[in-house]
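Heads up, the chain below is alone and in the form predicted alone; it's given as structure tokens.
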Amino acid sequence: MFINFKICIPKPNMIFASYNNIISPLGFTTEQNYRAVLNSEIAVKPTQLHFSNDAFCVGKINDELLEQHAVSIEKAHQHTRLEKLSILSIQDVLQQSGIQPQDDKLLVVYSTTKGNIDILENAYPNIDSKRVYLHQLTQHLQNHFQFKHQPVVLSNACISGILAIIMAQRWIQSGQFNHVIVCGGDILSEFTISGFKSFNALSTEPCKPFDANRTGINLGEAVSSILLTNQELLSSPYHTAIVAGASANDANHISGPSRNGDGLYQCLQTILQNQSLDGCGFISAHGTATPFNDEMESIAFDRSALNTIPVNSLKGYYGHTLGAAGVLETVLSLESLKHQTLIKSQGFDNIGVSGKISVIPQHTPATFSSFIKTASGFGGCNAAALFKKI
């Protein structure tokens, strides 16, 4: 069975990918994160977690540093760890853009897989446990910022972030909103790590996407936010639009993708229809460093005749940040386009997939005007988007 849900907007009006923020173990701003990546710094480190006898490589945000930044948040003690990170990230985008939280034409979309999952670990005895529900998390953010509209939750496994960006494009082009802030966030938790551990998917060393010696994923945590807008005056600093987006489900298995990349292939066919690949600099792949995901992606790229387009995965720097991944990786890809630099796929040495792809081995100056972002996740979900400099 094949289930195909296409998201593709043919309207000519441009939706710009604009002001943004990344909070991760590599920094609390996009600039700090991009500089760290160019210096080949990695967030994932062997870590002994309090609920596990095993040490895994994970990317964890420093709690002391978070609390230093959180002093700017009113009544910070009333927020969970994820809420503090989200407030800081959204706040940064609002300040950069000058958009007021009460703007009737502003919507916030929150992409996450687990939200305030650490509430289940009794981490906050003085916080209402109902905030473990995703809609309660966004209600709390609305109360803090006094948004006119309650933020929408988008939770669709690991494609949540890029799918939220695609949906933001749709909401704006429908005329309902002029601006959508997409905030993606997930944190490390016993629940998440135990789940991936049960699959024997976690690596005890930094992950190596698409490499012959890859041994599994690293998990990481991050919050990243980006403004999508139809206002050209707010198109700085990238002057780049999302021109096509698609989602498809290959309905293969609850935790395994189609072996021939059917779902991702359908997404790529949709976004590339009537689009020229002249000037396409790279594909920012999902690249989790698991045997099935990397193999499937390489086959989908190969089937789509994208063999000559350079490919990278950013999981080697951050680990898999789940619902934040699609947003964080889009933001860094925009920085890559802005600075005309191809970011190397950290951890890659020797090709370990059957599909013919061109993995980026080193940071490389280049001239290009567009890029493709892909994502795949549990349940057979896939998404892809094309971004072009205008």
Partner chain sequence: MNTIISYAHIKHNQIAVNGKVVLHLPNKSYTEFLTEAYKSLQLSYPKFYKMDAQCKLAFLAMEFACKDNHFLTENDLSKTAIVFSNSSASLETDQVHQNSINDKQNYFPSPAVFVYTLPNITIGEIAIRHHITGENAFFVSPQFNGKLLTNYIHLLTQTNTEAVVGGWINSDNNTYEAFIFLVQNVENLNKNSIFKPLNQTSITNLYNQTSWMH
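Positions refer to the first chain, counted from 1. These numbers come from a predicted model, not from an experiment.
As for the form predicted together with its partner chain, it is not shown, yet the points below apply to it.
Colleague: With heavy atoms only and a cut-off of 4.5 Å, decide whether residue 102 touches its partner chain in the predicted bound form.
Modeller: No, residue 102 stays farther than 4.5 Å from its partner chain in the predicted bound form.
Colleague: Is residue 71 close enough to touch its partner chain in the predicted bound form, meaning at least one heavy atom pair within 4.5 Å?
Modeller: No, no contact at 4.5 Å.
Colleague: Would you classify residue 266 as touching its partner chain in the predicted bound form, given a 4.5 Å non-hydrogen atom cut-off?
Modeller: Contact with its partner chain, yes.
Colleague: Applying a 4.5 Å heavy atom distance criterion, does residue 152 contact its partner chain in the predicted bound form?
Modeller: Heavy-atom contact with its partner chain at 4.5 Å: present for residue 152.
Colleague: Using a 4.5 Å cut on heavy atoms, which of 303, 84, 140, 114 is close to its partner chain in the predicted bound form?
Modeller: When its partner chain is considered in the predicted bound form, the option within 4.5 Å is 114.
Colleague: Please tell me which of 156, 235, 97, 178 lies within 4.5 Å of its partner chain in the predicted bound form, judged by heavy atoms.
Modeller: In short, 156.
Colleague: The chain here is shown without its partner chain. Which stretch in 76 to 84, 183 to 191, 203 to 211, 309 to 317 comes within 4.5 angstroms of it in the predicted bound form, by heavy atom distance?
Modeller: Result for this chain: 183 to 191.
Colleague: Which residues in 159 to 190 have a heavy atom within 4.5 Å of its partner chain in the predicted bound form?
Modeller: Result: 163, 167, 170, 171, 174, 176, 190.
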